[in-house]
Every structure is written in C-alpha cells, then in structure tokens.
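Okay, so we've got a single protein chain in two different forms coming up as structure tokens, structure 1 first and structure 2 after it.
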Structure 1
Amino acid sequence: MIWQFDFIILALALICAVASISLKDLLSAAIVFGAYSFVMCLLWTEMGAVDVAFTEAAVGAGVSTVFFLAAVLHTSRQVKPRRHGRFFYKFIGAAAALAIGGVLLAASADFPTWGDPASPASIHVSPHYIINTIPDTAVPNVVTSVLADYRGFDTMFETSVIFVAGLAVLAILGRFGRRTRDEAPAEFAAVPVAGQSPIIQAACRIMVPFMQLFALYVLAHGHHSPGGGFQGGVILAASFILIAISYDLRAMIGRLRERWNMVFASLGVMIYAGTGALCLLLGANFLDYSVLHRILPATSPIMARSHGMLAVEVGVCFTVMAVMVLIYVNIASHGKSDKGL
C-alpha cells in the first residue's frame, strides 16, 4: 500500500461524505454520494479487495445513485428548513458521530497491523482457504469459493434478504389490482418521448447489448476472476434501467414485464435453495455440491462443487437483477410504472 495514495483517497472520501450530508440540494447530494462510492471503489482496489471494489462500483456508484435520483424526483429537491431546533439536532448528530468515532478509533488500537502475518486471520482462516480452495473446489478465485461454497448458507440468506427487500418496496409503493401498465410498445423507435436526445437513445441501443453480454461474462467467469452472480445481476439490471432512462419506463417494461420480474426474483431464490435440497435428496448435506457428481456426467466430486457454485450464482444473478429493476420501477414511478426519470 502507498500511504500517499491512501491519504488522498481517504481525504476525498471524507470530503464527499461531509458534502453529501451538508448539501441542501438533494440532487447534488445524490451525485456527491455517487462520487463517494467511486472513491471507496478506488480504496478497495488499492487494498487488493477487487471483488468488493467491483460490487461498490456497480451498486454504490451505479444503481444506488440512480435510486436516489428517482427518489428525489418524487419527493423534493431541496431540504425543508426547520424553524426550531436545527442547531440542537446538528449538535446531537455531531456528538453521536464523535462518540462513535472515538470508540472505533480506540478499538482499532487492538487490531493487528495491515498485512501482519502473525494475525489470527493470517494464521488460521486465510491459509485454509488459500491452500484448500483449488484442491477442494477447482475454483481459482478464493472469494467465489468462500461465498458460494464454504459460506454458502450466508450467501443464500443474503440472497433471501435481497428478495424480501424487493417485496417490501413492492408492498409499500406498488399498486395492485387489474392494470394495463404492462402493455408497452414493442420497439424502441415506437416510444416518442419529448425532450429525449436521439443521440442518447442511439448510444443506448449500442451499449445495452454489450452491457448484457458483459454481465453474463461476469456471471460465468466469477470462478476465475473478480465477479459473480451479484455483480453480474447488478450490471444486467443496469442495462434495463438504462433503457428506462434513455427512452421511457414503458420501453423497458416491454422487455422485462413486472410479472417476469417477480418470476425471476422468486426463481433465483428457488434455484439456490433447490440446489441445496437436491444435495439432501442425493444423501449429502445441504449445499454439499460434491454429491452432484452422481447426476452430472463425466464430473468428479471436486468439479461437481465448481458446477454447484455456478448454479447458485445463476440464482443470485436472477434475484439481484429482478429486484434491482423492481425497486427502480416502483421508486421512479411511485408504483404506477408509467414513466421514469
């Protein structure tokens, strides 16, 4: 690690964090928050956590910023001023931040130094994963093997949490009953939107296929390089959100209807849990992929674990993609699904 580079990144992150909570223009605050996420992406990359940086770039600097912009569209661009007690609330917030920051700084003194080979993690946990990942799973990317195999239960419940979050947004903002909003034009060119630039729309038509192809590459290649189901799902969702922003929400719904969103979100969780249930039916433990070699032709128990991880990553991709699109549609249109940003 280069401390001068770290100092610049941390200074930029601190400036963006303070600015995002200080700006009264919520649109500007959302953009600055996206810049903060991008700076954090650089920090994770410099620390060697490339998978975390990939996720931060796709979610924090990408989709989350669009969600904030969509929320600002249906709320207010300016923070409503408080007539009384504004200084008191600022004082309470600053005092709480300083107190918690002091506790965290005091606790950090007990942590081992960065890269300390004698730390408990370097002695017990990390060597086991680094040494045994390829012999156990035939997967070069240790992060993927940990998330989808060694820690498969955690990732399954994280996927379930994403699914529940999508249901919560749909329950709060969605409008139920018989609707005709899924009736959308079949072609981009049939969606006349006043004020939209034909240059942006043409660029969208060119970029979206490459984004979706790259998303599938990230999903399938997560065993060997940074990426996986979560990152691939977010990029895939971003391609549909780009259609909604460049054209209109109905143009995107014409390609991915709300009903199919719910199907994909549910199907992803079912694929993940179903893979574990299949392992139980074959006489092994839940999510013990090695037993899948009995039904996968020309596959050893080790390669079966690799194929099992790919199956659950596909499930994660389906759920993440569908939930991200579902959240955007309901936030951007306040549950009406009639227009976007």
Structure 2
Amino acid sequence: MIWQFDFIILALALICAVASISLKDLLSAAIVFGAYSFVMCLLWTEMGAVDVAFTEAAVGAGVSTVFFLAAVLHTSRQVKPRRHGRFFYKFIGAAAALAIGGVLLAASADFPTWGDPASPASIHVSPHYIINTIPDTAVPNVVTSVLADYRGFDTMFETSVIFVAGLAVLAILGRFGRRTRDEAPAEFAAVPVAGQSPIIQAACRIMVPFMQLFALYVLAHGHHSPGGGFQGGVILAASFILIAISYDLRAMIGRLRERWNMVFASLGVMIYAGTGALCLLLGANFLDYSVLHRILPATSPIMARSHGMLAVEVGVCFTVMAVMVLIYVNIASHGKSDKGL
C-alpha cells in the first residue's frame, strides 16, 4: 500500500460522490457515478482485493452505469428543485447523516489501524482458509475456494437473490401478452438495423467475440487468477449489451431470445443447486464436492472439490449473465423489448 496513492484515491472518491449527488443533469450524474465506481475499483486494487476490484470494474463502472443511463433516458433528465420545505428536508437529511456519522466517528477510535496485519478480522478465522486452501481443494485463489466451496451455501442464495431480482424487474416492467407478435426480431447478420454509425457497429462487431472469449477465460481460470462466475457472467452480459447499444435491442434479442435468456437464468440456479443435490445423492453433505470423485473419472477427492467449484461457477455465470441482460432489456425498452434506446 502506497500512502500517497491512497490519499489521492480517497480524495477523488469524495469529490466524485459529492459531484454525482449535486449535479442537476442526471446524465452527467450517472457518468460521474461511473467514475466514482472506477475510483473505488482502483482503491480495492490498492488494498489487494483484486477479485472485488475486477467485479467492481465490470459491474459498477460498466453495467450499472448503463442501467442508470437507460433509466434516465426513459424518464426525466433534469432534476427540479423542491418547491416547498427545501430547507426542512436538507435539515432532516443533514441531521440524520451527522448523527449517525458522529456515532461512527466516535466508534472509529476502536477500529484497528488501516492495514494492521494483526487486526482481529485477520487473525482468527482467515488464516485457516489461506493455509488450507491448497491442501483441501487444490485451488490457489482463496477467494474462489471460499466463495464456491467453504461458503458455497451462502453463494447459492446470493445467486438466487440475483435470479429473484431479475424476476422482479420482469414483473415490474414486463408487458406480458400486450406485445404485438408481428415485429419479429431482426437478424444480426442482416443489413445493420438503424442504430449507431457504421464505424461503431463494425468496431463492436469485432470486439464482441473477444469479449465473450475473455469472459469464458475469466470463468474457467477463476481458480488460478482473479475472476470466476460473477465476473465472467457480467462480462458476457456486457458483450450482449454492447450489441444492443451499437445496433439496437432487436439485433441482440435475435442473438439471445428472451425465452432462452429466462432458461439460462433458471438453469444457472439449477446447476448450482443440482451440484449440491448430487453430493447429497452420493451420500455426503449438501455441496460437499469431495464426494464427486466417485462419479468423475480419474480424480481424487481434493481435485473433485476443484471441479465441483467450476460446476457451480458455471451456474453462477449463467444466472448473472441472463439476469443482467434481462434487466437491461427491460429498462432500455421500458418492458416492451422493442427497439430500445
């Protein structure tokens, strides 16, 4: 950790946070908020949290900014000042923030110093995982082994939450049965539909296959390097969103039909829970992958845990990819799945 660098990043984070809540134009606020996420991503890299930084770079600086832009373009762009009680709300907000902030500031005296190797969080449980991850699971990336194996139950429900969030967006914005069936999705390979300039379209068309290949690499190589199902899924979704932005939404839906997208979303959760259930069937605990060596050829119980993790990461990747695409489709087209932005 380099203190000058920390200081600059933290100062930039504060500036971006203040700017994004005080800008009157919501489009600018959304862009500044994307910059804020990117600054956070730098901060996490600085603290050695590479997996978190990777996720934030794909999610915060990428996909969530696009969600914001899509939502703002469908609603109003300008913030109107309050007509009544402006000072009242400012006072209430400031009072609540100062009260809670004051309590926390008072408590911060008891926090461990920043980067203290002997902080309570770092000396009790976590050494066990760092020391045992290779003997137990043969996975050098501790974040992956804790995510998909030691705390696999937790991650299964996180994946379910993402799935449910996708369903919720569909339930809120989706227009079931009201869509006219005559507008068939345009083919991607056909003459470019109305959208951005041909230069952007050609550039995106070259980029998309590489993005998808990279996403698969991130997914498959998450055991040995930063990455895994969450990051791979978000990058895959970003590649589809890129098609939707550079061509139009129908071009993307032509590639990834909504029905298939829903199948992928539920398939992901099913792969995860199914891997767990398979362990149950083989006589071990739920999500205890070591028992899978009985059905996988030429594996030891240790390597079986590594392979089991890959299976659930694939499940996570499917769900995350499908839900991100689903949310984008619904926000960008206001639930109509037509041309989009």
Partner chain sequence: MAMAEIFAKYNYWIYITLMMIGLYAMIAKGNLAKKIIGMSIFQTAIIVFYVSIGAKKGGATIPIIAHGHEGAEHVVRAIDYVNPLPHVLMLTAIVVGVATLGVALAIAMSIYERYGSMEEEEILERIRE
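What you are looking at is a predicted structure, and each value in this text was computed from that prediction instead of being measured. Every residue number counts along structure 1's sequence, beginning with 1. Rigid core (definition): largest C-alpha set, two forms, superposition within 1.5 Å.
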(request) Identify which of the two structures, 1 or 2, is the form predicted alone. (result) 1
(request) For residue 75, decide whether the Cα shift between structures 1 and 2 is 2 Å or greater, given a superposition on the rigid core. (result) no
(request) Mind pulling the C-alpha shift for residue 107 between structures 1 and 2, with the rigid core superposed, in Å? (result) 2.5
